[in-house]
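Below sits a lone chain in structure tokens, taken as the form predicted on its own.
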């Protein structure tokens, strides 16, 4: 695991926050909510992939099948 994933998640968070604030100030609250949800889903997909890799590594190390 590298530190790049932390920077990717932070970049997505910053981008989503900026887009959310711009959309809220322009009166598009519904689209701001959709952008926020999309950001959360993208980050969750990244984290779920990492957790899957972790469980696969644990199974391999302890030979659990």
Partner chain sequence: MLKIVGMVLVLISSTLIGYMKSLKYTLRRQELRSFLSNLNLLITEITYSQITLSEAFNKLSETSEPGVGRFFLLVSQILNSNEGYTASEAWEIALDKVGNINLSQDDIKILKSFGKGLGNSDIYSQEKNFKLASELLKKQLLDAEESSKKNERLYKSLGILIGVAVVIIFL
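Numbering follows the first chain given and starts at 1. Remember, it's a predicted structure, so these values are computed and weren't measured experimentally.
Here the subject shifts to the form predicted together with its partner chain, a form of this protein not shown in this document.
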Which residue among 45, 11, 51, 57 has a heavy atom within 4.5 angstroms of its partner chain in the predicted complex?
11
Does any part of residue 41 reach within 4.5 Å of its partner chain in the predicted complex? Heavy atoms only, please.
no
Please tell me whether any heavy atom belonging to residue 26 falls inside 4.5 Å of a heavy atom of its partner chain, as the geometry stands in the predicted complex.
yes
May I ask whether 15, 19 and 22 all come within 4.5 angstroms of its partner chain in the predicted complex, judged by heavy atoms?
yes
